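First, one chain by itself in structure tokens, the form predicted on its own.
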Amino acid sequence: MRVAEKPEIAKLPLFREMQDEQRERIFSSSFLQVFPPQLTLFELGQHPDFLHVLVDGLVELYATSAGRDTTIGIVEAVTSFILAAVVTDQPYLMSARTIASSRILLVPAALVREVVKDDCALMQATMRELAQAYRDMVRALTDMKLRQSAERLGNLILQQDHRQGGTGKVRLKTEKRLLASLLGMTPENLSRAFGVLGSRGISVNGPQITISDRAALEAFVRPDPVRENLA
């Protein structure tokens, strides 16, 4: 990592509370690289050589079986992925590829496991990221089991509105094909779901979604009773 890059990376949640000596130990062996869109970063079953930290851009996590693939998650900056495989020193359960041009920090996996033993702040940050990933998984699984397709789409729109400032103006960050895969739908079902939501308080203009009647949308979607904490 170049010297000029270190102050920016030192502010990232995973590293900002670390001891200076241990942080420098991490940085001296890490690489900050820019990857083009649609580049496979790693594949399901591979052993993790690096912890990936998304600094800028967008990454798709997906799984493949019998010639079919499905989107498991969309990673937005700034966060690591897939931390669980690195911590447990186990093969990846998902593949990853860039959606947009992405700046990613590559930290040697073995070094992460070494330093986390010596640096309490890194250990706590690692625990927080693992816990947040678990909570995100529970939300996604609950959504899939308890909501119909249009309700899942509406819930995602409300979640994105919350993350984007709660203004009622939501910008989709991925193409609708990926959004359909993430929600467990076909593109045709996604189009129908948008049609259903059109009479329940939203309007769509390309990637831009406007929530015109929040009460009607929430009554239909039944949003999560436990609000995501963005602090």
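Residues carry their position along the shown sequence, with the first being 1. Just so it is clear, the model here is predicted, and its values are computed rather than measured.
We do not show the form predicted together with a further copy of the same chain, though everything after this point is about it.
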| query | finding |
| --- | --- |
| 4.5 Å heavy atom contact, Lys11 to a further copy of the same chain in the predicted bound form | no |
| 4.5 Å heavy atom contact, Gln132 and a further copy of the same chain in the predicted bound form | yes |
| Non-hydrogen atom contact Ser30 with a further copy of the same chain in the predicted bound form at 4.5 angstroms | no |
| Exercise: Val87 in contact with a further copy of the same chain in the predicted bound form, heavy atom 4.5 Å | yes |
| Among the candidates Thr70, Ser191, Thr167, Gln38, the residue which, in the predicted bound form, approaches a further copy of the same chain to within 4.5 Å (heavy atoms) | Thr70 |
| Answer option from Thr186, Thr64, Ser199, Asn205, heavy atom within 4.5 Å of a further copy of the same chain in the predicted bound form | Thr64 |
| Within 4.5 Å of a further copy of the same chain in the predicted bound form, all of Val55, Arg214 and Ala216 (non-hydrogen atom) | no |
| Those residues of 210 to 226 which, in the predicted bound form, come within 4.5 Å of a further copy of the same chain by heavy atom | Arg222, Pro225, Val226 |
